[in-house]
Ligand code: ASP
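One chain follows as structure tokens, the form predicted alone.
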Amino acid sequence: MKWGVVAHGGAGSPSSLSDGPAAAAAAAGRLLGGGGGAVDAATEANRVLEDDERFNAGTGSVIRMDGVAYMDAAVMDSEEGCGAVAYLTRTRNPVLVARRVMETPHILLVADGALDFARKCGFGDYDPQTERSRSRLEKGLLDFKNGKRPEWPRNWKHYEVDTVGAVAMDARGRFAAAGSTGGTFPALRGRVGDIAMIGCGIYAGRNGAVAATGIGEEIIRKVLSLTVYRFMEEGMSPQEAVDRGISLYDRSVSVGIIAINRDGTGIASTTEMAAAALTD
């Protein structure tokens, strides 16, 4: 395998939406096939999924109970360069902002600081809310009014837990991972999930790249992407590694993982998950 990319639409996303990750993988594949780098390919795959309003990232992100869409995104390459944003609002492509953070001395920018950085980098004001995301908010608020509330803190019955993500390997043998999410509903104000926490939602190193999706709190507790990356370091194939990662959870917990290294790709989930892989 000279190059490859895997993209997913989030744990819980129906396989009928796999055309979304397939389009994202195809866009990344065009870059990789033309000699482009892994980090640009993983970022591009996420950008395509952010612009697909069927997924909970970028345009179409979950609207929180205060009526605002708060978005997280992260990018990491195999040289351990990384950048992330959290609680970003009114910006079209959070993953592109996270990519720009990689060019600074910092790793994570949040809330107003992330928004100010985005504006200074030329990202204009953009409302990511859609008719579909507003309808989901109305349904969620109605459920709350009718007494359908989540059992906090562990047993959350999420209306939304999906996150988009991608991993890539380029022809020079470099790896990258990227992820983006609109978070979850319901959530306490200020809640940040796994994507912006390097090693949890994504991880990339010289031996491969991993991206996770699902209930962020459960992913964070196991530092899941780094854990699966360590499995590959120990000699597991990507598919063996993601299967082992999934086995760490009860099947009732919504979690999905994708991975790539020089030996191939891996996709696994405790639930249905739209995903696609493309190699040379």
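Computed from a prediction, not measured in an experiment: that's the story for all the values here. Each residue number is its position in the shown sequence, starting from 1.
Form predicted together with this ligand: not shown, discussed below.
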Query raised in the report: Should G193 be classed as touching this ligand in the predicted complex when contacts are defined as heavy atoms within 4.5 Å?
Result: yes
Query raised in the report: Does any heavy atom of G183 come within 4.5 Å of a heavy atom of this ligand in the predicted complex?
Result: yes
**Report entry** Partner proximity in the predicted complex: V48 to this ligand, non-hydrogen atom cutoff 4.5 Å
**Finding:** no
**Report entry** Contact of I219 with this ligand in the predicted complex (heavy atom, 4.5 Å)
**Finding:** yes
Query raised in the report: Taking the partner as it appears in the predicted complex, which of 245 to 253, 209 to 217, 37 to 45, 226 to 234 has residues with heavy atoms within 4.5 Å of this ligand?
Result: 209 to 217
Query - Heavy atom contacts to this ligand in the predicted complex at 4.5 Å, residues of 103 to 140 in sequence order - result: none
